[in-house]
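Just the one chain here, laid out as structure tokens, in the form predicted alone.
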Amino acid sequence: MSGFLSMGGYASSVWPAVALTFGIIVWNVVAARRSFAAARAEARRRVSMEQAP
């Protein structure tokens, strides 16, 4: 297991890259959910304005 974690001496390069990639993926999901929620709220606002007399 320690051989895997040390990555043959390249662990100092590999693990930060893995962490950065994971962070970017998480940020991308969060940003997409926020954008979707904002678009849905805007669509609901527009629909409610159209239905008002």
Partner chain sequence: MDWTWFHRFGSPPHLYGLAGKLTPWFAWPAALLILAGLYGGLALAPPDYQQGDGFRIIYVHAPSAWLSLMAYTWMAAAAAIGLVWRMKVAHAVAASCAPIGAWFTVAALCTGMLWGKPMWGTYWVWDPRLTAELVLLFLYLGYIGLRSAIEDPQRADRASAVLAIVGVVNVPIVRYSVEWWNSIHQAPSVMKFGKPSISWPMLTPLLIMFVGFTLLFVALMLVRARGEILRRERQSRWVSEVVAQ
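Predicted model only: the values in this text are computed from it and were never measured. Residue numbers count along the first chain shown, from 1. Think of the rigid core as the biggest set of C-alphas that the two forms share within 1.5 Å after superposition.
There is also a form predicted together with its partner chain; it is not shown, and the following applies to it.
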property	result
Contact of M49 with its partner chain in the predicted bound form (heavy atom, 4.5 Å)	no
Any residue of 13 to 35 that, in the predicted bound form, places a heavy atom within 4.5 Å of its partner chain	S13, V14, W15, P16, A17, V18, L20, T21, F22, I24, I25, W27, N28, V29, A31, A32, R33, S35
Threshold 2 Å Cα movement between this form and the one not shown for A32, core superposed	no
Cα displacement of A41 between this form and the one not shown reaching 2 Å, rigid core superposed	yes
